[in-house]
Structures are given as structure tokens and as C-alpha cells.
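The chain below stands alone and is given as C-alpha cells, in the form predicted on its own.
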């Protein structure tokens, strides 16, 4: 069985404004409630996660993530409604793209050797 992986990245200048890694980070922030928790769940440094959030927020017309300064209850982060919308649209585009490409790949995939032949 062969698989096809489609990777959609949105380049903006010299930065990647959005792609699969940033989508996963947004999902993790949404579920963890913080950038540090999201970073930890993805085995990523807090600084790397923070930098990715800053690139995303600067790349779009509105912020995708907002943060709350810590206090007695601790800080946190959450996706804005715009962030949820961007994430949902990206996931849908990714899914549609994969379905389309797979539907067009039958002939090409039939030219590949069986997986057991590849060393």
C-alpha cells in the first residue's frame, strides 16, 4: 500500500505564514490552553512555539492567538475566533486537496513497485 502526503504551506515573504506544523500548534494551544502546554505536548521548546505564534499573528490581518498574562491563576493562551476560522479553513483545504490528488493518482501509483521491493 502506498500513501500520498500533501503539504500545503502559505509563504509570505521569507516566512511560512501557515502550514501543517502551525495548524498542529494551534490545535494544541486550543486543547492545552497555553503556549507552554502546547509546546510541551508537541515536544517543542516554548521559545519555538512562541516564535511560531508571533509569525502567525503578524502574517494575518487579525491575531490568531491571544495571551493572558499570568497571575494568581496563571497565564494562558487561546485561539481567537479568527484563529479558529483560519484553522478550520486550512484543515478543510488540506482535506479537499488530499482527496483530489488521491483521485488523480491511480495511474501514477500503479507504476510504483510493491513496498516489499524497496530497501
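Residue numbers count along the first chain shown, from 1. Quick caveat, the model's predicted, so the values are computed rather than measured.
What comes next is about the form predicted together with a further copy of the same chain, which does not appear here.
Checked against a further copy of the same chain in the predicted bound form, the residues 86, 53, 28, 77 give one hit for a heavy atom within 4.5 Å, which is 86. Although the partner is absent here, residue 93 is a contact residue: one of its heavy atoms lies within 4.5 angstroms of a further copy of the same chain in the predicted bound form. Mapping the unseen interface onto this chain, residue 68 falls outside it, with no heavy atom inside 4.5 Å of a further copy of the same chain in the predicted bound form. In the predicted bound form, a further copy of the same chain sits beyond 4.5 Å of every heavy atom of residue 41. Contact check for residue 59: a non-hydrogen atom falls within 4.5 Å of a further copy of the same chain in the predicted bound form.
In the predicted bound form, the residues of 92-110 lying within 4.5 Å of a further copy of the same chain by at least one heavy atom are, in order, 93, 96, 97, 100, 101, 104, 105, 107, 108, 109, 110.
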